[in-house]
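One chain follows as structure tokens, the form predicted on its own.
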């Protein structure tokens, strides 16, 4: 309705004004590479960027030689402080990638399909063929979640729901609550082997890529996809959604990479590449990283930019990529190494200490975990439109009104009383409420009087009808009775 749109627009303008006012308190500013005339930014290598940067930023570019247990899957913690890596042959390690201090390292003696960091670094989650195991930062196994479906391929962790979503080669999608270890929902997608999966951080909807080029969106409270869209003519190779949930990046075996507007489900831009990207990842400032075999390409504005912003070439194919939160760093997990690349302008320059604080103490971390458990979003609340919870269900209201109308036989109309404005302080909020209550009480008394009057009239009519029946009976018998 026009009134609702006007109210939403006023709230949006108010939020923009408050954000602009608070920008004076921000101490850091984001920046990008500035090239000279005739020079392309994609031709600048990492060595040149590290030499031109300060010492603290240059130390963030490093490479780890890991040629025994690869290829490696990687994941950063939510505050960007720690890094978790997992090799296919069982090597799992977590460390502070800034100070290079090792937190834990182990070999689980089993094939590791994927690794994820839960919450803010206290727990790590490893995916094996038949189960999921949760570990603390001291190599202690905390929980093992078994499954009856064979061979899990990949999984995602949804922070605000504390859910782990898994997919497998038989087309099953499973939601698991890691806080209690129970399976929330298991859905048969009927789409064959599920190799590609990601989730929308804005509304917690899971996106699946299929071999026929379609992308489906799922919620745990429905057994059918809420959205199904055809993105490519060939199989999907990679998916990624930005932090705000506005843009979707897809790649297929047709060597194309496409950008979609998730709000309207319409394509915005298409790239024709030499090979189809096998990994896609958005940064906090909407930089897009795409990997084509052993080449990593970063796009500054993927909706309009034709050429990449930065490029980097590895010796062997890339297995996984991830942007570090609140840092201009891109982590690349390869077949025999891990590389930390400097990407100016990738991360948010200022962080919200109430949301994710890199310098958080142990006590603050525990308080945050308790708060996350108390404020956990239930699976029934996940929907395509996250703002539906704050809206009025007009369909249910209309249904209730119709049911009440059928029961009562008429439509109840109540006129709102608006007190007139009076001078000399007689229109204060307390006086206005007293006048409203007085009128409301008078209305209720009038309704009660009318109901009592109707009941008395009904009783009188019943008495008159009974007396008439008695008089008719007496006339038939020949007796006369006077009343």
Partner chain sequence: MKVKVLSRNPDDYLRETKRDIHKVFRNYNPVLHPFEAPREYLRALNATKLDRVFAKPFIASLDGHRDGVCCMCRHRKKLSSIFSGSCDGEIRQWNLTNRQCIRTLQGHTGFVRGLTCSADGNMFISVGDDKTIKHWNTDALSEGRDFPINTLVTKSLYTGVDHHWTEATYATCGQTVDIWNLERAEPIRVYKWGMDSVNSVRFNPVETNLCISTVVDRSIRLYDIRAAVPLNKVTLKLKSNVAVWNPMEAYVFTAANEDHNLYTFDMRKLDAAVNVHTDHTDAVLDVDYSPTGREFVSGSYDRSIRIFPVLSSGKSREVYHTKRMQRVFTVRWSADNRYILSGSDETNIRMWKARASEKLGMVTPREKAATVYNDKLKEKFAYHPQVKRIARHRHVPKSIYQAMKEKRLIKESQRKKEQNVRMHSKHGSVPRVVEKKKHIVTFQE
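Treat the numbers as computed from the prediction; the structure is a model and nothing was measured. Numbering follows the first chain given and starts at 1. By rigid core we mean the largest C-alpha set that fits within 1.5 Å across both forms.
Although it is not shown, the form predicted together with the partner chain is what the next lines describe.
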property: Per-stretch contact check against the partner chain in the model of the complex, the hit in 421-429, 62-70, 49-57, 440-448 (non-hydrogen atom, 4.5 angstroms); result: 49-57
property: Contacting member of 408, 303, 111, 230, with respect to the partner chain in the model of the complex [4.5 Å, heavy atom]; result: 408
property: Listed residue (105, 352, 224, 398) with a non-hydrogen atom within 4.5 angstroms of the partner chain in the model of the complex; result: 352
property: Every residue of 26, 348 and 377 near the partner chain in the model of the complex, heavy atom within 4.5 Å; result: yes
property: is_contact(residue 389, the partner chain) in the model of the complex, heavy atom dist at most 4.5 Å; result: yes
property: Close approach of residue 203 to the partner chain in the model of the complex, 4.5 Å, heavy atom; result: yes
property: Proximity of residue 207 to the partner chain in the model of the complex, heavy atoms at 4.5 Å; result: no
property: Contact test in the model of the complex: residue 19 vs the partner chain, heavy atoms, 4.5 Å; result: yes
property: Contacts with the partner chain in the model of the complex, stretch 243-280 (heavy atom within 4.5 Å); result: 243, 244
property: Core superposition between the shown form and the other one, C-alpha change of residue 458 at least 2 Å; result: yes
